[in-house]
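Take a look at this single chain, the form predicted on its own, given in structure tokens.
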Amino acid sequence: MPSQNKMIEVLETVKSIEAKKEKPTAEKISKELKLPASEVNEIMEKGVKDGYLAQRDGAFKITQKGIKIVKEHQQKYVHEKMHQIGLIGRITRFLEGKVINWKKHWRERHGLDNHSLQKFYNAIDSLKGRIEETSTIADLDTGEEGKVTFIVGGRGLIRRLSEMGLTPGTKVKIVRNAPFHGPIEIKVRGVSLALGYGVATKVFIKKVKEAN
């Protein structure tokens, strides 16, 4: 029986293919995930049976039930990436416990207002690719490059980063990623900037080779 992780992986891929205005077929999903066709077919059949997918004319479509579990998975991934700050991050995750209501959590714990939250949701809803293909600026090594995909933060932070040139689609190069979670020097639009580690964990990017 397919694992829940494999199911989410397939659902994410279906959603990504749909975002590209293409038809998600078993063959295309098998190719993108580099999984045997027999395994993909088994997962897709279970997805249809469980109500995560609908099938029509040889193509699949993710249902609202499927979208719901993908969105929860995406938010969990983003949240964990933002809390990779050693012991402090682990303590924070422990104190927060399991998130039941993500909207409430983003508002109360991370200061996102309705406008910022909707922008974040729009970004992950229209993501062309799986959420695991993104990482934060803090995850990049010196010399690596990426393109900004989305930013998780309130209006003030997003406005400040926008004024610095950090907007979706902008290429970023890591000039120096200081050890022990120190400031990260980046180059944006030919200008060198310094970001605090905490801010850098809120800027999600795709590495250039993956973005292309």
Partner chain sequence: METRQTLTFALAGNANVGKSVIFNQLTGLNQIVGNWPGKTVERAEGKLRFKDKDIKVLDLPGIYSLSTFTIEEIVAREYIAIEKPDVIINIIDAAFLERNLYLTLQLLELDVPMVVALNQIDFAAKKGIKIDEKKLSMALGLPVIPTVAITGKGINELLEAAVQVAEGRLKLKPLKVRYGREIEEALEKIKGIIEEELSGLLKIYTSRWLSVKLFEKDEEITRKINLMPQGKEALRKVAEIISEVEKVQGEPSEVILASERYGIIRRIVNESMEIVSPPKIKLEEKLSEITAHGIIGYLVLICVITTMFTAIFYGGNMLIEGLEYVLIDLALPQTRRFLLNLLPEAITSIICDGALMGIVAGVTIALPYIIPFHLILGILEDSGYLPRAAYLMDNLMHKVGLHGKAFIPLIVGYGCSVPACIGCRIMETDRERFICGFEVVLIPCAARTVVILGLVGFYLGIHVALTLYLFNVVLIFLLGKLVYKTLPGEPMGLIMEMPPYKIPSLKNVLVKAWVRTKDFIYIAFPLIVIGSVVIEALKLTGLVWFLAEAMKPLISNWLGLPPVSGIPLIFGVLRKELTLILLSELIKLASLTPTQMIVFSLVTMIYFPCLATIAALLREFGWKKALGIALTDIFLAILIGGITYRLLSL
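Quick caveat, the model's predicted, so the values are computed rather than measured. Positions refer to the first chain, counted from 1.
This next part talks about the form predicted together with the partner chain, which is not shown.
Lys119 versus the partner chain, in the predicted complex: is there a non-hydrogen atom within 4.5 Å?
Although the partner chain is absent here, Lys119 would touch it in the predicted complex, with heavy atoms inside 4.5 Å.
Consider Ser126 of the chain shown here, and say whether it contacts the partner chain in the predicted complex, taking contact as heavy atoms within 4.5 Å.
Within the cut-off, so yes.
Is Lys65 near the partner chain? Define near as a heavy atom within 4.5 Å, in the predicted complex.
Answer no; every heavy atom of Lys65 is more than 4.5 Å from the partner chain in the predicted complex.
Is Val172 part of the interface with the partner chain in the predicted complex - any heavy atom within 4.5 Å?
Answer no; every heavy atom of Val172 is more than 4.5 Å from the partner chain in the predicted complex.
Select from the listed residues Lys61, Lys28, Lys46, Arg176 the one whose heavy atoms reach within 4.5 Å of the partner chain in the predicted complex.
Selected residue: Arg176.
Please pick out the stretch from 49 to 57, 34 to 42, 159 to 167, 65 to 73 that is in contact with the partner chain in the predicted complex, where contact means heavy atoms within 4.5 Å.
Comparing against the partner chain in the predicted complex, the contact stretch is 159 to 167.
Can you list, in sequence order, the residues from 172 to 191 that come within 4.5 Å of the partner chain in the predicted complex, counting heavy atoms only?
Arg176, Asn177, Ala178, Pro179, Phe180, His181, Gly182, Pro183, Ile184, Glu185, Arg189, Gly190, Val191 sit within 4.5 Å of the partner.
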